[in-house]
Every structure is written in C-alpha cells, then in structure tokens.
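Single chain ahead, written as structure tokens, the form predicted alone.
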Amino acid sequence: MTGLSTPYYLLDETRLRRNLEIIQQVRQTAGAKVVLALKCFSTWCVFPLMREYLDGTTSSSLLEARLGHEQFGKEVHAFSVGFSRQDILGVREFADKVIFNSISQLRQHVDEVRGLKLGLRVNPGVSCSHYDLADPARRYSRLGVSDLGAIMAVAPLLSGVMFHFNCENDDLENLRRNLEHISQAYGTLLARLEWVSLGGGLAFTKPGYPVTAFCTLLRDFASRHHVQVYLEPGEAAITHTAELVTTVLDVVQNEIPIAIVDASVEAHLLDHLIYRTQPQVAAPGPGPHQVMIAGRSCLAGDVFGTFALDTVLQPDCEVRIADAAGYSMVKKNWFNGLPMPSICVRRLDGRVETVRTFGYEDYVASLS
C-alpha cells in the first residue's frame, strides 16, 4: 500500500532495468543497435534510465518523432504508414533516419529529406503473430513493399530497410526460419545497404528465452549481409514493469460476485478489449475465492476477467492489474469522463514518485 489515490499506473524502475540489462546484453553480444518503439511506450519520465541502455527511439508519427528527439535524444527513426508534406517538413527537423511505407511515398518526399538516411519498409510475406489484427503480413496488408524488382529500382535512394514482421514472437526457431527466408529472397538488396531493422515484436526479454542463441542468430545475419542490425522493441523493453492500481468501489451479485473497481478496461487497458484477452491480477494473490473484476464505465463488456483470489473482495480493497505499461498508457482515453490514472514511478532507490496527475482541465482540453 502506498497511500496514493487510485487509479494510477505504477512503473517500477527495478523491473524495467531487468529488461534493459537483457537489451544491453543483446547490443554488446550481437552488435545490434536497439531503439525504443514509442508506439508501445512513450512515458518519458523513465527515459533517463532507458537512455543508458538504448540507442534511441523509433516513431510512427511526427509527434512521436519530436518526443523522441526532445525527451530521449540519441538516434531518432521516423516511420509512418502515410506522411503528409507537413509531416515530412516537421520530421526532417528531428529524425536521423526516415523510413517510408511505400515507393510512392519515397518518390513523393525524397527531395524534402535529402541528406538524411532513408529507408523503406519491406513486407517479406512471412510473419509471426497470434492475432490476425496485428499480423503485418496478413492478406491485403498495406504495410510495406513486397516487389523486389520495384525495390531494387529505388535502392540507390536507400541506406537501409525495415522488416517489421513479428508480434509477440517468442519462438526462436520461427525467427530463424523467417530470417533465412529474408536472406534468400532479399540477399541481393541487402548487399547494397548499410543497415537493416528487424522491427519489434520479438519477446527476447521473456523469462527462459534463449538470449545467447538469439544473439548468435542476429550476429550471423548481420555478418552474412554486412549490415548494421537494428531492433525496435516495445513490449520487450517494458513488459511486466507496471501495474494499474485500483480500488474496489462496489460488489454486486449476478450468479457470481462482481467487484467494480475505479478504473476501466476500455479507458485504461484498451488492448485487452480489442484483442479479447484477460489481464493477470498482481494482487491479491491466487486463492479459492472466485470473483469477476469489472470496470466502472457504462460499457456492458467493461470486464477485466474472472479470477480466483485469496481474498474476498469488498469495497475499499486494492486490486492491482499486472503488466499495464505496453500499449496501455499510450492508448488511455477519457471515455465516460472517468478519472485518468495518475502516473507514478517506483525509482531504483525504492522511492515512489507521482510524476503526473490528470484533472478536469485535462479532460476539457482534450475536447473542444
């Protein structure tokens, strides 16, 4: 118990450092460079710690590119599925590398980004994703170029390419097969380039992951094609580093007890609603008492899940939802005008710092 008003996201720098130390191992052993994917995690109050272990950031928009430049520093990679001219004029002020999603976008904007390192997203036609919604190589995918002949025609404009083809891939052998496919299909292209980004979605900080073999695989790929390999972790950098801390407001009965907490899946952990997944409860611990935990928005399906806990939940009980950093804090919203969770950090010295609170003025400012 911290005595803080719920709801709030609680980031733990000690847990974060554990992931960062694995990333450091990959950088040193594999020779890879690693940039944080801001689309997954942009909570810049912990960037001073992350900066010690990462080479920079990668963005999916002008605002993310600016955030990476101003709050993180180091390398800034700027990608977008579609840049407007205004975006490009802004991005060129912040980015070291600009990565285009299509050849038409590259040709349209190449004169405006002369002098920067230019890249192109390539769709290799293979991928690893547990969800079709997030599969970069799904049928009719708009993400990246697959025509090798067309890519080779613009290769003189490029210094590198990005293959972002994974989503929560914890299978090293799958990655090995897909990298072999990329080597065979795009080897002639890679021979002309300086760098290759393998994107994000690789769960190499997961407990039990064969990190040493992963490093060898990356090092061999880089050596074979004489390129600098980049990784773009999001979840891998911040997995299991944060909790959404809530308080039970009421318990209602409808066949089973339903504990209503002062947070919302739709507003505060949106990806679980989108992908129909159930988060884990960090506290209370597991036990014999079955209960459904639900949010307090008006959405009927605003449900965290059904759990068996060691505590009978009652009003004023604290409930901590696990793994609440990735794709949650960046997607939080003002649905129902619910209170936005504060952002708190447990620093390396154990001190808990409230770095941001939100109120009515923020809610009004988000509208018109």
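So that there is no doubt, residue numbering starts at 1 and follows the sequence shown. The structure displayed is predicted, hence computed values, not measured ones.
Not pictured, yet referred to below: the form predicted in complex with a small molecule.
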| query | finding |
| --- | --- |
| Selected contact from Gly119, Gly295, Gly144, Gly200, since only one has a non-hydrogen atom within 4.5 angstroms of the small molecule in the predicted complex | Gly200 |
| Among the candidates Gly90, Pro279, Gly160, Gly234, the residue which, in the predicted complex, approaches the small molecule to within 4.5 Å (heavy atoms) | Gly234 |
| Contact label in the predicted complex: Lys39 to the small molecule, heavy atom within 4.5 Å | yes |
| The small molecule contact in the predicted complex: His77, any heavy atom under 4.5 Å | no |
| Exercise: Lys97 in contact with the small molecule in the predicted complex, heavy atom 4.5 Å | no |
| Partner contact for Tyr53 in the predicted complex: the small molecule, 4.5 angstroms, heavy atom | no |
| One stretch from 211-219, 226-234, 245-253, 287-295 that, in the predicted complex, holds residues within 4.5 Å of the small molecule by heavy atom | 226-234 |
